[in-house]
Structures are given as C-alpha cells and as structure tokens.
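What follows are structure tokens for two forms of the same protein chain, given separately as structure 1 and structure 2.
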Structure 1
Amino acid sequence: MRPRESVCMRPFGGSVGGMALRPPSAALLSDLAAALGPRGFSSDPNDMKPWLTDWRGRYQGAAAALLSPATAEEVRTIVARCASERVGLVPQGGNTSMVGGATPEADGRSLLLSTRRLNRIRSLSQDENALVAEAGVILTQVHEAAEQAGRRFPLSLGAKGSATVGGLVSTNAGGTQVLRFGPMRSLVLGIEAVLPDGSLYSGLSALRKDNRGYDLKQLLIGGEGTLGIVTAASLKLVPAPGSRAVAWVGIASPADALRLLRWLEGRLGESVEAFELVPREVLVSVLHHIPGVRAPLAELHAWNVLIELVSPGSGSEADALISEALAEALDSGLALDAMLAASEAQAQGLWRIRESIAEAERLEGPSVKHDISVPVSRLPEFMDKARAAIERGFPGTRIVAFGHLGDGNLHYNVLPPEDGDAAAWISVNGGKMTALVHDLVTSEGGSISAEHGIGQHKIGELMRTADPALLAAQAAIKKALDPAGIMNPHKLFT
C-alpha cells in the first residue's frame, strides 16, 4: 500500500512563525503559586514524580511545576497567564492514557495541570436525565451518583476506578457499552471548558437540539486537551435496568460471532448492550495468570463471546429472554455451548475475565499493541487477512485479538516469538509490525485509534495513514483556536 502524502503539522504543535514555546519564568511561577496556594501549586519533584510517567511506562516527562486548580476560574487564571508568555500546559486527569497523551515532554518546559481537585458533582436532574460532573470526578463516582437517583451512566471500562470525566471527554472514551449507547461523543450533552486564550466556554446546558452553527463541544470531545481544558461536562443518563443477564457463549469463529450478534439483535433488539469477543488463547492466559478465575464452560472453544442483556422488567425477565434466545442459537448450531450467570456473583465473575485481559497480557510479556477499528461487517475477514499477513511476514509471533465486536473495535496485539529476547525483537520489528497492521486497517476503511486516542505515541502513524484533507482541516482548527500552541504541546500533532 502506498503511504499517503504527509502534512507537516509542526508549526501548530509548539511554535508559530518560528517562535517556540518558552519555559515558565520565575515571575510566572510566583504569580501562579500566589493564585493557587499551597494545595494548588507545587514544584517539589517528589509531588510531581507519580504524574510524570505514563500509565504504560513508555514515556517519562518533566515539568516546571504541578498545578492543581480547584475551580474553573483558577483554570482561567492559569491559561491566561501561560498564553501571555507562550508557556505550554499539559492537562492530566487520572493519568490512564494508553498513548502518552497526558505526559509532558522530557525537556521540562511545560507545566502539568491536574484536574483532580475539580472533583464535584454539581447537579443531577432526573427530569433532564443529566448529571453535571467536574473534570476530576472519577467514573465510578458518576456511576454511584446516577444509581442513587435510579439512573445510570452507560459507559464503563477497566479503568473506571481511576479514569476521570475530563479524560473520558478529551479522549472520546468508549468501553463495553458502545454497541448500544455509543462513545462519549454520544453521551456528553454539554461542556464547560477554558479555551487557549483564557476565556471560559459555558456550554453545560443539557440541550438535545441546538443548531447554532459549529458544535464546539464536539471539537473538544476527542481533542486530547489540544483545543482547551475541559472543566466540567453534562452527561446523559438513562433509566436503571429492571434486570440484567450475563452469558458466556462458545462459538467457532468471528464470523459466527457476528451472525450470532445480528440474530440476537433481531430477536431482542436494543436489549443487547455488550458483546465482547474473546479467543481461546486470551482466556487461557487469564486462567493462568489471574487467581480465582474459572473457565465458564467445560470445553475451551476457539472463540467466545461475553454478552450482557438488560430489560426494563424486574426479576428474572432478562434471564428468560436471553435463555430462550440462546437455546434456539444452540439448536441451530449458531452457538456451540453457553453458560448463563445464575447470580450477580457469577455475572461479575464473567466480567472479571474480560476486565483481567490487559493484566494477564502484561504478565505474558511485552507485545506490539494496536487499538484499531474496522467496519463491523469487515471485521471477520480482516482478522483472517491480518493473521495470514502477520504469520507470513513475522513467523513465530502470536496474535492476541479481543474486544468490542459490536462496534468493530479490536485490541489487536502481537506477542514476539517465544524463543528469544522479546524486548529486542520488538525494538527491531515493532515499527514494521505496526505499519503492516495499520495499512491493513486503513485498506478496510478503518481507524488506527478506536478509543485510546493519538497522544504522542501514534502521531507518526496518523500523519502517514490519515486523509490529507482531514489532517489539514485539523491543523487549521488547531491554529485558529490555539495560535500560540500552548495546549498539550506535541500531542495529536507533531
């Protein structure tokens, strides 16, 4: 596949007209220390150290100071002063980025802005079915607040105990319920954010219809902090389910998994909320590395799906619906075996398998990781083509592909051959492996980043594979809103 023409973005990532970003002056640091107080300002290396390494340990940064504002007005003060002196700001929430998107550069010229003290749930309206949470509120706290009001926020992921609302918004997070409810783009009703000039965009109104031109909210969602700092968001809530059912099903292939999904949707409609694809080798890894996990079925099938279904009816209605549907799927040969959780503890046990995959994979050793998406209809064929191409080009490697079948998002990771130095193999072959996978994804009309963002890790591949018109438009937006390039320098753009 011929690489696309690249579009040079460097003028918009940290300099304009040849004027590079500056390190913070002593006067600026003194002003910020006075404005934020001792809880909001620290230049102590020990205070900053935990927040200067990315979640995967690939990037080590440095910062002149750690800023922890407690109000949107304090964020405005920070941004306005930094804009006046062309000093870079790196916003950070729970520091769970998978692509180094919240880690400052190693030169120490930027300031790290933590949103963790912006931690209030400002309001919850049952009539609006909306909750307003500040950027530092942790996802689990959103779930708990919604549940207390008889509602739920239908987005969940493995890092729910540490991921923050601001980070979820800024990366357009997905998770396990995108099949029905979509990613954060579909769940954010409004945003409050400080823009690169220090102005406050007050867009928290939970309007379902608003046709006043460009949607600034959608530019900030997925913008990775490069266009502004999200300080709060209005989140869409949905009714709490009356009942839920969780099942584990053995199948023969990804193609059968897709057929089963479409068949269940035809029978049960939008009751199907999660449909997670898990191959046998991934299940074996979890069983081996994670204490207390048990195999759901007597036989380890080549492929498996984890299904969650909800129903407005109380009691065992959801169990009855999926039990009848799975019985028909088994009779027709669409499914090979199935286990329906008989209790909440069993349901949590099945989900623990899925949520432990990343930890089990880490214990298996280093791998070349890819967070990709392809059109759902093309996913089974893509998996066959990609496996053949990788086995042909990189003999001895092992493919670990799992994820959200219903929305076409795969975590497509490749383990090095077992008989050698894994880190050395990745150093030599990792880039070529990633280029091969991304070229295959692009040829299918897919994306090289489904839910983790670009950060600093994927900039080169974005430049190489994305549509030049898209890159040029993004660069123009960045230059228009952040002409000094102070917002999260060298993330998303070079």
Structure 2
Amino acid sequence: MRPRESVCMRPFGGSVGGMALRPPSAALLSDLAAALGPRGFSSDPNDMKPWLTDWRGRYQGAAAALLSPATAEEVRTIVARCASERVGLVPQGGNTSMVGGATPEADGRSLLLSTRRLNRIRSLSQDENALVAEAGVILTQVHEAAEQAGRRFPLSLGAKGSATVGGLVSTNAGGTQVLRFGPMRSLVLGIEAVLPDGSLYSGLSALRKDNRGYDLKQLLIGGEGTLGIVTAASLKLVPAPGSRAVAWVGIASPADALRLLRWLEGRLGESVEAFELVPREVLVSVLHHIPGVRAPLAELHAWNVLIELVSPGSGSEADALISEALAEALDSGLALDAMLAASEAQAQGLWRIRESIAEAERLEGPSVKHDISVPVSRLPEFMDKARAAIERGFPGTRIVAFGHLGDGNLHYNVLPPEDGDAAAWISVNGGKMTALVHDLVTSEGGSISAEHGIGQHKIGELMRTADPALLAAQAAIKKALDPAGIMNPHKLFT
C-alpha cells in the first residue's frame, strides 16, 4: 500500500509549484474597498473580531480584511482578483462549523468572505416544489419561507438560527431528519457558485434528472469552500405535514433503541422522521446548563430517544399512531417509559433538550469531539467496545455519546477527568484518545466525519485513516479546479 505521506496533498495549502500564496497588496485592498463599498469591505479589527474564532473557541484566526459582497457578481470580482494575485479566500456563513472550517489561518494573509449580505430568497415554486435561496440565508428563514407556502424544507439542526444555506451546502450538513430525507446532498437540486478562476457556474435549475457528465454540484456540496464559493442553491421542498407527534422514550440500552426504531419503522414506515439518542449524563448536563428545560420523565433513564413522527393525516392522527405503537412497546418491555408531547409547546420543549446538547457541552468545558458513523447494525457493539477501551486507557473521563442513532452517526465526545486542567489534559491525551476512537470506527467500516466535515480540525486524522486512492482523487480534483490553492487554504488539505 502506498504510504499516505506520498499522496500529493501538501502543494495546495498555500503553495503551488513552490510559489506561496501572497498577502493581499495595498492596491488589491483598495480596489476591493472601492468595488464593494463601505458595507461590503472592512479592515477594522473590531468588525472582524467576532468572525475570527470558531464556535467552540478552539481556533483563533486573523484576516487582512472582511469582505461582504451583496451579489454573485461582486463575488466574481473578488475571486477573479484573488486568483490573479494568488491571495487566499476563506468563505464564511454562520460560523457554526464544528471543525474550524470557516476560521482563517492565524498568519492573517487570507481575506475573510462573509456571505451575510447574500441574503435573499430569490424564488419559491410550488409546482417545482423548490426554493432558491442565496448563500447567506439562514436555515430558519428557509423553514419559514417554505412553511408560508404550505411546504417544508426537511433538514434541521441545533444551529438553525445561525447556519446558512452556503454553509449547509458546503458541509453537506446532516442533522435530525436525515433518517427520512437524507443530508444536504439529497436536498440540493441546483447550485450557483463562483469557481476558483472567477467564472460563474449557473446551475440553479431544479432538475430531478440531469446526466451531463460529472456532477459539479455534488463536488461543491461537502467541498468545505475549497472548490468555490456557493452564491445560491435550489433546495427541494416536501409537503407540509398533516400532523406530527413528538415523544420522549426511556429505554435500557442502545441495542434496545435500535430494536425500537426498526420495530416502529415496521409498523409506521417512513413516517418516523427523527430518532435521536440521548444518554442520562447528557440529559443531566442540559438540565444543569440550559435555563427553563425540564426532565420529560419522572425517572432519569440510562438511555432515551427523542422520536418525531409525521403523518399526512391532519388533527391528532400522528399522535394516535405513535401512542398506539408506544403502548405496545411499553407492554413488551422494549420501552421503559414514554412521554408524548400534548401540545406544540411541549413538542418544542423536547426538541429544545436535544438541540441544546452542543451548547450544554460547550458550557461543561473543553472536550475531545468525534463525529463518527458506523453501519447502524454495528453501532451498539461499537459503543460497548469504545466504552471499554476508553475506560481502560483513560480512567476518570466521561463519555458523552449522543445523536443520530438512526443514521449510525454519534457524537462520541469525551470529557476529561473533572479534577485538573481540562485543556492541559486534552493537549497530552486528546490525540491518543482520538486515534483510539477513529481506529475502532475505521475497523468497523465507519467514517471519522459523519456530518461536520474535515475543516482544519481533522486533516491529520483524514490523512492517517482514509483510503489513499480517495485522497489522491480528492487532491487531483482540488488541483484541477483550484491550481493556485486560493480557496479556503489549509482546510481539508494541509
């Protein structure tokens, strides 16, 4: 097998053919300031400060200027000038990346390109069941626009109040409804993007079938801003639900959770849209850190699942379907206790618990985060093996494993021992622990990045664990489309 070092990755992070990326010249900065106007250009450190750190506070970057174009044409102007002058560009949407993907390098040589002013919903067609949104539109705005038209955009996640269409596309975001509707790859019908040479790819038409060769759209989805800047996307809509039911169910183990999921699907089919695993320690952490949250059940069960069921039938049809199914699960002992939300407010309360987990964990302090997937059938066994290995190798740590069980995707995070300096502990042990978790994931045929991407956080682990043929093909694509390496330097590639 070819040694991974030999995969040609390094030339792209800041140099091609030995020529490094350059810092922006004074002439480039003043031309961009003139082209973008005062709302579109700032080099004031106070304006830039909030956007130079990632959501978790792990990376501190710097940038020569913050560019906020308001049209795709302005994005073209920026990219064309940066390509000709070999200046790096870091696209940023809501800055909620979990892997430092939108944080520029600390050397301050790149320009930060925020999509915040690309914020229009250009069109919504009920006949096409599609909506065209610019890159800076926030996910909740997409939800609201779809709802007003009697439709639904079926992707949601805890950062929905900040994450943008461009960021969601570029990370191939997943979230809590992938079980039924898939990640962004399944929901993006078309893309408009500025490619690294400054050309505009106008691929917005909402075609369900299109076999004209390689699919550029799918390369940009999950491309983490390394192949171009997405300026707008056509998003697939689905019918608004007739009714929905949300339940919190106590269970004995992850294996029982999987049994319950398959049993519910057998009875209720695709109407099971969300099936999220929440262990006791995670619930306790949310109750502790997030104001106004209440425990759904009288007992704090070792394991819990949040289930959402959607039915085309209106009124209380979804409630009726799930209560009948859960009653049987309780009778058979598969479920230990269950609470069905009796109102929209209660349903939102249950979702608030789930969507606040990342925030509660952030308030707990630094952790070693892993966003992993394994084949769903192997998830319970993986969890047993990983727990045993971590308890053996890293005594005193606390495992915080939660998430998208139905997709085989867990956030397998580990908190350092409580007594001592957490950051110091992680700097000594974090890498070893990550290698242990990722090796186990890889041996189970899984992925070290299920939904958050690689960014700058996981480059080393990607190179260590990925198939060399895949790495070589990815590097060749990057080199072909971005020979100067200007797009999001040092992300995905070193």
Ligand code: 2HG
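Structure 1 provides the reference sequence; residues are numbered from 1 along it. Predicted model, so just to flag it, every value in this text is computed and none were measured. Throughout, rigid core stands for the largest set of C-alpha atoms superposing within 1.5 Å between the two forms.
Engineer: The form predicted together with the ligand: is that structure 1, or is it structure 2?
Structural biologist: Answer to the question: structure 2 is the form predicted together with the ligand, whereas structure 1 comes from elsewhere.
Engineer: Quick check on residue 362: with the core superposed, does its CA move 2 angstroms or more between structures 1 and 2?
Structural biologist: Yes, shifts by 2 Å or more.
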